[in-house]
Each structure stands twice: as structure tokens, then as C-alpha cells.
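Only one chain is shown below, in C-alpha cells, and it's the form predicted on its own.
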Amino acid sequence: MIRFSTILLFFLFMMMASSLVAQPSPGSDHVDVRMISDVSVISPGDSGTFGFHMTIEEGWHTYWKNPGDSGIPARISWSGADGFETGEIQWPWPETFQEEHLITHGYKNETLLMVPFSASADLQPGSYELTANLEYLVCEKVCLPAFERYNITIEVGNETEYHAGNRALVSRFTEKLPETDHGLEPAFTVDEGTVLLRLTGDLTSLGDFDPDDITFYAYTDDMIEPSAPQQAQLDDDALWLKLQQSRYAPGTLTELNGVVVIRGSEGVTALDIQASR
């Protein structure tokens, strides 16, 4: 189910999209976006990463894949990409924002939305131009939509060559992607809307942290209530998180997918969680 405020924002997006060529995108005044590729030359059958590097004006923020109580995540559509396959957006772990009584998830200051891509094995050498249409929402006290179009030229050659600066940027933000190979086993129960998530395994790998500095972000808005308090507890063999099932959940949860973000003394650890009952 989609929240009413999100429906209004969606229609605002559609109105802006219909006039993309006719007028500037208002949200673009508050976010500087640069599209990059970590490869300067790609060989047929090889892969690389596109990135949309966002530098966000102080006080403003954009949204994560599940924006929370309100907002819209970024969307990317492609054209002119014959011979190339593009994947889904890879989202760095988010931060939490409080907007009056709403809790939202997203990014401030800087982020990089990454899109893996590959070149067909039978692609002929030469220059290829791809077009990306990026849509996003940026908010402070007001929310403004942004629609931007980017053209990027990819050289196809006999051997893949990397762009050192862009590859370093992708590497830096790849470290902010949730870990999928963390070795912890998730399980959860639901009792009258209260969700207990349990992580077991080698908890020492998480370093030193305060349970109060742990946040669970569900990947979709029909799992966990964003504005409900979360409680975490650590015992000898498990990390427990007490959460509230979303009011938009279609019945009792059978799956719980998201990211646990732990802000510890040695930095931030983000764990990809895929649990089923």
C-alpha cells in the first residue's frame, strides 16, 4: 500500500516529467549530480559500474529505496543501451531523518547511487552512447522533484581499462553497501504486531557498539513501521531487535528483509538481512 502523501508526490513527479524539456528541474538547484563510469574502455562480455554522484546542499536530503513515512526513491530509466545490460540501483545504507512527526530514510551531504552494467559478448568495438533519465526528490522544509538526463559514451575495445578516480569513488561507496556475507543467522517472530528479530553467530565480528546505536531499515514499506520506536538488546549468543510491524503489512509477516545498521566505535557496519518464517 502507498501512503497518501507519497501518492501526491508521485503525481507531482508525473507533472514534472511531462514538462521535462519545457522547464528546468527545481530540485536540481539543491543537488549537484555527476554521472560516472568506473571503466573508460570495456571489452565485450565484461562488466562495470555506472554511478550517480550526488552532492547535496546542506540541510537538504534525498531518499533511500524505502523512504519511510514519506518521500520517493530515485528512479533511473535507460535508452540507447542496445548491447548493454543495466542492473538495479545498489543503495548505500541510509540515515534517519525526522520531519515533524514523520520518520524518513535517505542521504545528506553526499551519496553515490551505483548501477552495475555489462557489455554483450558479441558487441563490436567502437563508441556507444547511453542515455540515463534520473528522477529523484530532494527535501528540506519543502520537497522538490528533479528530472535530469545524462548522456555517457562508452568505448568498447579489446581490453577493459579502468578510470582510476571513478573506480576509487565506486570503491569508497561500495564499502557502504550492506554486507551479504556476514555469517550471522537471522530469524524472527511476530506476536500481535511486535516483531522480534534475532541474529546469532560470531557477534565479535561486529566490534564494540552500543545497542542504542542500532537501526533496522526494511527494504519495503509493508514490513516495519518507520516511526515506531526500536529496541536492541545484546546477550551472550544473540543480538535482538524489537520492532513494530507496518500498518501496511498484508497480514502477518512471513518475510523480513532489510539492513541492520550498527554505528560502533570503529565505524558503521551494515548487514543485509534476509529472513523468512
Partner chain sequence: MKRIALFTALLGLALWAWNGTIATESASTDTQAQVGQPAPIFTLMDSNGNSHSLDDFLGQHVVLEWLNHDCPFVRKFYNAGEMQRLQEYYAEQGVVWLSIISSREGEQGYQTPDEINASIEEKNMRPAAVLIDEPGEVGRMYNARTTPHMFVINTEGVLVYDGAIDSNPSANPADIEGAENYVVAALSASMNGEEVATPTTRPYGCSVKY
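Residue numbers count along the first chain shown, from 1. Note that the structure is predicted; figures quoted are calculated from it, not measured.
In what follows, reference is made to the form predicted together with the partner chain, a form of this protein that is not presented.
- Remark: all three candidate residues (S70, D221 and L241) come within 4.5 Å of the partner chain in the predicted complex, counting heavy atoms only.
- A residue is said to contact a partner when one of its heavy atoms sits within 4.5 Å of a partner heavy atom; P229 meets this definition for the partner chain in the predicted complex.
- Contact annotation for D82: none of its heavy atoms lies within 4.5 Å of the partner chain in the predicted complex.
- At least one heavy atom of Q233 is located within 4.5 Å of the partner chain in the predicted complex.
- The partner chain is not shown here, and in the predicted complex it never comes within 4.5 Å of any heavy atom of R34.
- For the options Y162, Y150, Y128, F188, the one in contact with the partner chain in the predicted complex, meaning a heavy atom within 4.5 Å, is F188.
- This chain is drawn without the partner chain; in the predicted complex, the residue among S120, S171, S205, T194 with a heavy atom within 4.5 Å of it is T194.
- Checking 130-138, 162-170, 112-120, 82-90 against the partner chain in the predicted complex, the stretch whose residues place heavy atoms within 4.5 Å of it is 130-138.
- Residues E135, L137, K141, V142, C143, L144, P145 are the ones in 107-145 with at least one heavy atom within 4.5 Å of the partner chain in the predicted complex, listed in sequence order.
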